[in-house]
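Starting off, we have a lone chain in the form predicted on its own, written out as structure tokens.
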């Protein structure tokens, strides 16, 4: 209580975002630039940050998988069974759970009927205890913290409390986002090896799309990159229209892309061979693409020739000084294909897709 007799407003706790491993720096940039947040820490798959005011803007982030209110975190797990006491004690004593729940309710108003909750425990790495043991200690620490009358649900609960353990790091929080942050509502149809939306969003941010630009994905698959480019285009339409173009050699992929983009925005879609694009020379400002991996083709020996032919077309249609953001597993084959045309790489990020190590790289065509 303040001297005036009015209740003192409690400070806003830090938040943290879970990201796809490898794109933490891009998520941190989005949080800083678009959200006005202050990034306090990044580690593999995690960005801890603060905002001046909690609003549903945190739910509009595109490069993050989930966003949480931070209850507690530790970078000093011992990998031993003693960590279970830490989990139990910190969960019980560190957070102001009532305050966290009230902040959660601000963004996620209570649904009709009895409130529902769910407890999630994730664990990666070798430890001297099982995930089930960590979850039990977590639940013991939460004893008496959940309001009486709330009902436990395994799926689609209104409130979720998470504990995530990765090697020596543990982080605990209240989830603000739901599944649509990582899965997107537009993604109604899928094809094999379809790109994660948050990874596509990271590629689009690296592309640096500006007003009046033309953006191309010559191997668009299910259209995930196109959808994320259209999201940027919509936000910047007042300053000048962004044209988004995509195509694929697979007729089914083009159909799936058209279905996914139906409620996102207008893109020019076509079925084509990406090694013979029906586009004018120097007609696009940005290329953003996830070309096929070797395992997606009948033979890995096809990758080199495919990248060579595709890069020749990329070079033809990209304007001098234009930029390309490419995601590939066979990075050396990609480098050979584009460097021979004088392109220079300004940045690369190592990520894993479908369990395979890949490289997201940014290339500049000479001006």
Ligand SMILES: C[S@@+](CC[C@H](N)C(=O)[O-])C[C@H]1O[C@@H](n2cnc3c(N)ncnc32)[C@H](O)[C@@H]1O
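Numbering follows the first chain given and starts at 1. Given the structure is predicted, the values throughout are model-derived calculations rather than measurements.
Only in words, not in the display: the form predicted in complex with the named molecule, which the text now covers.
S.K.: Could you tell me which of 142-150, 111-119, 86-94, 248-256 sits within 4.5 Å of the named molecule in the model of the complex, going by non-hydrogen atoms?
M.R.: Of the stretches listed, the one contacting the partner is 248-256.
S.K.: Quick one: 195, 218 and 272 and the named molecule in the model of the complex, is every residue within 4.5 Å by at least one heavy atom?
M.R.: All three within 4.5 Å in the model of the complex.
S.K.: Would residue 173 show up as a contact with the named molecule in the model of the complex if we use heavy atoms at 4.5 Å?
M.R.: The answer is no: residue 173 has no heavy atom within 4.5 Å of the named molecule.
S.K.: When the contact criterion is heavy atoms within 4.5 Å, does residue 59 count as touching the named molecule in the model of the complex?
M.R.: Residue 59 lies outside the contact set for the named molecule.
S.K.: Should residue 107 be classed as touching the named molecule in the model of the complex when contacts are defined as heavy atoms within 4.5 Å?
M.R.: No, residue 107 sits far enough from the named molecule in the model of the complex that none of its heavy atoms falls within 4.5 Å.
S.K.: Taking any heavy atom pair closer than or equal to 4.5 Å as contact, tell me whether residue 306 reaches the named molecule in the model of the complex.
M.R.: Residue 306 belongs to the contact set for the named molecule.
S.K.: Which residue, 161, 201, 244, 222, is the contact with the named molecule in the model of the complex, using a 4.5 Å heavy atom cutoff?
M.R.: When the named molecule is considered in the model of the complex, the option within 4.5 Å is 222.
S.K.: Only one of 123, 191, 77, 157 gets a heavy atom within 4.5 Å of the named molecule in the model of the complex. Which one?
M.R.: Residue within 4.5 Å of the partner: 191.
S.K.: Which residues from 76-93 come close to the named molecule in the model of the complex, meaning a heavy atom within 4.5 Å?
M.R.: Residues within 4.5 Å: none in this stretch.
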